[in-house]
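Here you'll find one protein chain in two forms, each presented separately as structure tokens under the names structure 1 and structure 2.
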Structure 1
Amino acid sequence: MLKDFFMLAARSITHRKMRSWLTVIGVFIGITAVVALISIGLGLDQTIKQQVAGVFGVDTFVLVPKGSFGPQRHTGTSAEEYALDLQYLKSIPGVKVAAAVRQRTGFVQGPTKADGTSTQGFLPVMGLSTELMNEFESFTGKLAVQPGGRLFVAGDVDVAVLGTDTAKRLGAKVGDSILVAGDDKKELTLTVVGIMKPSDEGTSSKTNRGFSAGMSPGQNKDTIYVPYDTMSLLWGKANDVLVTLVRTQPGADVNKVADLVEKDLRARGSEISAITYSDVSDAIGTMTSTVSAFLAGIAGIALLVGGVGVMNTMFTSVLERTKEIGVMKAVGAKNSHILTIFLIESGLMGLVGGVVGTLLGLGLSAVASTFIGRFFGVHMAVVASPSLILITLAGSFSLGAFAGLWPAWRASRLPVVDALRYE
């Protein structure tokens, strides 16, 4: 019997092609918006998480100034630098490799030129652990110096690598000596062993993986790089660390090691927070789901308008078919039969709107992904999960049926005599 009711409802829809299509358009605009926005939201979330996972891997975490990550960031008390005992950190169980970056501004004097003068001034000086160069490429990007130079190796002390702009400004080349002054009249003469290759802007997204770009020495062209330990000869104990990267022993639980490191280092006066992949991923999830919910809310309004459209169509339909309803009742239709037929009819319009809307929505999100991907230089995933599609289709049928509920109920309640008399 239900099959026959579907047939009756479908006949009635196709009989009023124009109006049915207009109603369906009202529904599918809403559905398109919802599907596209949810799909883009999910794709964004997935893409960003993949990027972050690519940078962090499964065994790495980052030490950042306490309060500079997560919700507590808004308290305004966050520090920009922190103190760190790198040797101690390396001795904490579970830690395999640790590398840190510290930064100061120091007085620098370039090599003596042919006319006996030399360029001097204050420049940022960055201390890099040797491990940073070769162990954490996913964070730093591929580091490279110009031909004829080299990066730091273990055991280097009195050496420096210059950023491209710094080298130009000081007039220094590989093999030259420069003077760097630290606190308390401490100063060192350093040999320039390399000049950074300027990072190619075009390919930076591939080598630097998005968010970690700021960490890359290749991009700070006006900086002087020295070995991490050399920094302490100039400025003493490390209380100016910007960031520390830690890789755990194989098989160790990265979150447990991160907790232990955070606790131990805090006990020794380091104001740090340990950030693992799951922390970043959670934060991104919170952000993207908030954005998605907001967008879906807007799309929901469009959907509501579509629903009202279905309701309007169904009311009109009930009115103009009053006599038909009377006839059906006269030939033996129960109220529940009439109700079912009208509900199926409005549900079907919702469902057709849902099918069209889902297809258009997925198409739209694929187009949007391509644009976003091209704009940010990433491959953005198009998420079309079966559950999203199923929920959308079931939802659009329910939307239609729900919008048709009242008109259908009114139709089913029409007294036969009145309906038969209706002209």
Structure 2
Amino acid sequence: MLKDFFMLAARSITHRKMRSWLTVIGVFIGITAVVALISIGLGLDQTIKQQVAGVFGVDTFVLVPKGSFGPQRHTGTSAEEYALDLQYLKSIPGVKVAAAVRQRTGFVQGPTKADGTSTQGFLPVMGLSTELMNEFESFTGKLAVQPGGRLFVAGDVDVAVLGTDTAKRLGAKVGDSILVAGDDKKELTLTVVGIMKPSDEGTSSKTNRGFSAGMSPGQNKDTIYVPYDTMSLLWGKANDVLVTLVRTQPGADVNKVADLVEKDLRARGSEISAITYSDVSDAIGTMTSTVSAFLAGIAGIALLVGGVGVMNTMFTSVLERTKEIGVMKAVGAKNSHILTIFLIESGLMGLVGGVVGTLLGLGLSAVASTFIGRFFGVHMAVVASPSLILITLAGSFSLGAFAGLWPAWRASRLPVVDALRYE
């Protein structure tokens, strides 16, 4: 019997082709907008998570100042710092390797020029662990120095690598010596072993992303880079750490190790938070889901208009077929049969709109992905998951059926005599 109901509903829709298609247009415009926005949102979420996964991997987490990540993060504009005992961190069970970054502003004196003078001034000095360049290239990007220079190696102390602007300002080249002064009249003479290659010279943004905004050696051209241990000789204990990267032992649970590190270091006075890939992924998912839901809600207004169109069409259909309804009831059709036929009819109109809208929405998201890739250099995934398609089609049928509920109910309640007498 259900098959017969579908046949009757389909026959009625095809009998009024123009009106039915005009009704369907209102539905598929809304479905197109919703599917396109949800698909773009899912693609953005997947793309960002892939980028983050490529940086973090499955065995790495980051230590940042407490409160600088998540909904309770601070809103100050200056970089926040924290105290850290790096050697103790490396001794915590589950930690394979750790690297930290410190930064201070120091008095710097460049090499003596031919006229006996030297350039002096206050410049940012950044201390980098050697492991940062050896073990965490996914964070730092591919660091490169100009020909004739090198980066730090294990055991280096009295050496420095200069940013390009700093080297020009000080008039320094590889092999020259510069003087850096820290706290309490502490000062060191450092040998320049390298000058960073500018980021636009052979290092693309893809290979030199940097592990944190504003801290990528390829981007900070006015900074002096020194080994991490050298910072202790100039400024004492590490109370000014900006970020720490930690890689766990093979097979260790990165979340459990991160929790242990966070607990132990906080007990020693380090105001830090351990951020794992799952933490970042959850935050990204929450953000993109909220944005997608908001945009889909706006697009849902178009669906509401389409639903009103279906309701209007079904009311008209009921009026036109009043006598037909009377005949069906006269030959034994029950109220439930009439109600089912009209609900299926309105649901089919919604379903057709859903099919067309889904195809157009996915096509629109593919066009948006291509546009973003061409003009912004970001390859954004196009998500056409079976669950999205099935939910959309089921939702469009339900929308049509819901919009036709009132007209169908009125049709099922028509008295037989009045319906047969209707002209």
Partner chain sequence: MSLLDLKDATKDYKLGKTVIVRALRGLDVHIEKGEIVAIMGPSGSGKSTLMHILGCVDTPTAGEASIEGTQIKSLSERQLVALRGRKIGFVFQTFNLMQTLSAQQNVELPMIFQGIKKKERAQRALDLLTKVGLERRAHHRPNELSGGERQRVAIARALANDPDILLADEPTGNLDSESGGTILELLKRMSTEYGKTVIIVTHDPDAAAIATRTIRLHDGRVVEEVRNA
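Because the structure is predicted, anything quoted here is derived from the model rather than measured. Along the sequence of structure 1, residues get numbers from 1 upward. Take the two forms, superpose them, and find the largest set of C-alpha atoms that agree within 1.5 Å; that set is the rigid core.
query = Which one here is the form predicted in complex with the partner chain?
reply = Only structure 1 matches the form predicted in complex with the partner chain.
ask   = Taking the rigid core as the frame, does F342 move its C-alpha by 2 Å or more between the two structures?
value = Yes, shifts by 2 Å or more.
query = Would you say G116 moves between the two structures, meaning its CA shifts by 2 Å or more once the core is fitted?
reply = Comparing the forms between the two structures, which are aligned on their rigid core, G116 does not shift its C-alpha by 2 Å or more.
C-alpha of A333 moved at least 2 Å between the two structures on rigid core = The answer is yes, as the C-alpha of A333 shifts between the two structures by 2 Å or more after core alignment.
query = After superposing on the rigid core, how many Å does the CA of A10 move between the two structures?
reply = Taking the core as reference, the C-alpha of A10 is shifted 2.7 Å.
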